[in-house]
Ligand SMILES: Nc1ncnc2c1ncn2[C@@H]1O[C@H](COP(=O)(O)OP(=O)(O)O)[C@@H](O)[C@H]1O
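Below you will find one chain, with nothing else, as structure tokens; this is the form predicted alone, and questions on how it binds or moves follow later.
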């Protein structure tokens, strides 16, 4: 039989129909067995799941694949029926559709990346593995839609919806740099691995009564990767990140500040499992040293108590605080953390590795080793700024590739700024 439509378009349509058909028939399959694109499209934010049955309509295909001529295309397939009234597309003979699909050139690649299809074709004797297919599909917890569902539920049940304005919520899929894309010291890698092992063995740690685990303090200069590491952990662990600046939630202009602190911790527990990332932790010390704002001091005491009471083991909340000024923290603050992770200025080898990663998609001829040698005292953020300046410099000359000269000029221009920042930090 000859099919007149483009094979890729037809394969996409039949893949969607088959996925919906198999998912609807098997209660064992979950949202994590659906390709991310399909799962996100059919996600029900109220139910926090993909409800059965999945129906496939013309607008679904258009939205997912951009097909604007769906009705005409499916005429080429005798096993598909179009319901004019509901604009719904269905199989007339599912078995014929399954046999047709597996014979298409691009079908095997689609099946190997689609757990729902792999679960069926594996049983049918086709050389695919359901277990291997699941490795291609990230869990639903990484999706922005999943986090938005949790937020909507909290907003609907919480009388004080202003709570959500106090924090920045990051879904794992929003994270731009993964752990593998960060240049970390051996000590940082070791401590991050330790906390990941603790998360994996939460039940065991609870059973033996070891609960004081999962509170980390990141210390280092601005731009050394503290926030990037916290976000990367969010992506690695498939949990949302609740990000908050301490000066914001304890601001005297926000009313009852102690309650604001409590509400942030309550939100983290409602979003569990998650990471609660509190930046500007040295704000505690600055507030304690001040003779003003008793309200803020009460909020700080509330914060310290909340840190004591929250638990990775019991609450599923990994607590990470970050500070640019660890010298300001007193013993009462330090003792609340079981892991202290230092983020030093990158050495020459690390600087080269950072430059190699940042420049990996930039065309041109350049020597990152030379630039690494010129950039002592530069943070990872500074190095990214150097690359940005070099790229913008080339664009002003109508070039989409950069040269070593571009990087050297950008480095020289940025060096004065780095010296000034280091001076200001030393005086702080």
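Numbering follows the first chain given and starts at 1. Just so you know, these numbers come straight off a predicted model, no measurement behind them.
The same protein also exists as the form predicted together with this ligand; that form is not shown, yet it is the one meant from here on.
> Quick one: of 329, 183, 199, 87, which gets a non-hydrogen atom within 4.5 angstroms of this ligand in the predicted complex?
Checked against the cut-off, the match is 183.
> Only one of 215, 226, 140, 352 gets a heavy atom within 4.5 Å of this ligand in the predicted complex. Which one?
Selected residue: 226.
> Tell me which stretch of 227-235, 128-136, 165-173, 143-151 has a heavy atom within 4.5 angstroms of this ligand in the predicted complex.
Contact-bearing stretch, as computed: 227-235.
> Residue 393 near this ligand in the predicted complex, any heavy atom under 4.5 Å?
Close contact is absent here: in the predicted complex, residue 393 is far from this ligand, nothing within 4.5 Å, heavy atoms only.
> Can you check whether residue 205 is within 4.5 Å of this ligand in the predicted complex, heavy atom basis?
Looking in the predicted complex, residue contacts with this ligand do not include residue 205, since no heavy atom lies within 4.5 Å.
> Within a 4.5 Å heavy atom cut-off, is residue 301 in contact with this ligand in the predicted complex?
Contact check for residue 301: no, nothing within 4.5 Å of this ligand in the predicted complex.
> Quick check on residue 177: any heavy atom within 4.5 Å of this ligand in the predicted complex?
Output for residue 177 is yes: heavy atoms within 4.5 Å of this ligand.
> Could you list which residues of 351-389 come within 4.5 Å of this ligand in the predicted complex, counting heavy atoms only?
Contacts from 351-389: 354, 380, 381, 384.
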